[in-house]
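As structure tokens, one chain now follows by itself in the form predicted on its own.
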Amino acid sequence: MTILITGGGSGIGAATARRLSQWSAVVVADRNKAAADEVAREIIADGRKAFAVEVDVSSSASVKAMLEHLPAEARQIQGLFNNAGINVRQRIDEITEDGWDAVIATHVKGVLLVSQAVLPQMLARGRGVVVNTASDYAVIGVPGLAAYCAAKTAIYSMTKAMAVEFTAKGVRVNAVGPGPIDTPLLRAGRSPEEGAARLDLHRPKIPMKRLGRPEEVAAVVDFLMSDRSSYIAGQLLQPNGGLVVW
């Protein structure tokens, strides 16, 4: 079995690659090839199977090249974790068209393109699993993050549509919706001091009084990828410390 993980070079993607490699070969795909290589080397050093590959999920040419560059043994994808993401922190009246397009293309178009690349072989086999990374922000509004919220809501809606389209054909599709997780993406675009201050603002709002760890999200993805979740489809599971309850 091989599981393809986009955005696998850091944060939630890297933690998920390490965890899933305990029972499956993994493809660590990332726009940052050096980061993907590092994660794959770590997994291989532990005696497990991993492949690193560069990809820009917003580009159909790059997604096609990603699969072509993989060795034959890694091209048979039974599981897909659509996890690549970026963020632009600007209000809706401030964000540029380029910034908006970059967020939507990476998240929403990325899920579309990578899924289109992998689904045909899953459907031909009559078996496969897709997990998409949404967010708490798929169901709540957050000031300054309109593009990110829009993208994550779209991914949640796509997940439901994909589940209705493909579950009867043997391919289960679900989404994971993390709350505040201590990852490079959460700190991106801020100085270390700003990042620390922002994290301090998050903690009191979370019933568990702490940020989540990437490994805790990886555990949810592991569950959704495995047969332990064999009767779950079209759902959004939210590891968020109780922050969003609905």
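Predicted model only: the values in this text are computed from it and were never measured. One rule holds for the numbers: they count along the sequence shown, beginning at 1.
There is another form of the same protein, the form predicted together with a small molecule; it is not shown, and what comes next is about it.
From the candidate stretches 120 to 128, 159 to 167, 145 to 153, 70 to 78, select the single one in contact with the small molecule in the predicted bound form, where contact means a heavy atom within 4.5 Å. Careful reading of the contacts points to 145 to 153.
Would you check, heavy atoms only and a 4.5 Å threshold, whether L113 touches the small molecule in the predicted bound form? L113 lies outside the contact set for the small molecule.
Give a yes/no on whether H107 approaches the small molecule to within 4.5 Å in the predicted bound form, heavy atoms considered. Yes - in the predicted bound form, heavy atoms of H107 and the small molecule come within 4.5 Å of each other.
Might T133 be said to contact the small molecule in the predicted bound form, defining contact as any heavy atom within 4.5 Å? Output for T133 is yes: heavy atoms within 4.5 Å of the small molecule.
Residue-level contact is defined here as any heavy atom of the residue lying within 4.5 Å of the small molecule in the predicted bound form; does N83 satisfy this criterion? Heavy-atom contact with the small molecule at 4.5 Å: present for N83.
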